[in-house]
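Given as structure tokens, the chain that follows is alone and in the form predicted alone.
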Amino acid sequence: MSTTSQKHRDFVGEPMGDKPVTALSGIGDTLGRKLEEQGFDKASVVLGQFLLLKKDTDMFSDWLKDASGANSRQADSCAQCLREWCDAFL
């Protein structure tokens, strides 16, 4: 059984709305700034990238590591968060 953070549970538990990129599990202020500089300022924009990669968590994690410098744990946490959100809301 894997454990998830409160941030993860909060994100997955409600509609996306206009949440900032830092609302995503695994994305803190530093990674959030790096993503914002590349135009990924909202969680919904990062979700769009996840969907473009056909919800492939491995490909998304690799993209996030390249795009923001995230480590494997951060990238995997974000990918799992988006996967669970998609399962709940799409």
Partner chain sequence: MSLSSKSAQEISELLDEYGIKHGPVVDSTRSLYEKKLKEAMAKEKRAKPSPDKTYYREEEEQVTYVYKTPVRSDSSGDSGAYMRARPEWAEREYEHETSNSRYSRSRPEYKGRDFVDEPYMYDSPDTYKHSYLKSAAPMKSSESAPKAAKSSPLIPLWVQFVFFLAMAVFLYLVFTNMETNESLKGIE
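Positions refer to the first chain, counted from 1. It should be emphasised that the depicted structure is a prediction, and the values quoted were computed from it without experimental measurement.
FYI, the form predicted in complex with its partner chain isn't displayed, but the following is about it.
Contact between residue 14 and its partner chain in the predicted complex is not found at the 4.5 Å heavy atom cutoff. Taking the partner from the other structure, its partner chain in the predicted complex has no heavy atom within 4.5 Å of any heavy atom of residue 83. Under a 4.5 angstroms non-hydrogen atom cutoff, its partner chain in the predicted complex lacks residue 68 among its neighbouring residues. Shown alone here, residue 62 lies within 4.5 Å of its partner chain in the predicted complex, counting heavy atoms only. Contact residues in stretch 66-87 (any heavy atom within 4.5 Å of its partner chain, taken in the predicted complex) are 66, 72, 73, 77.
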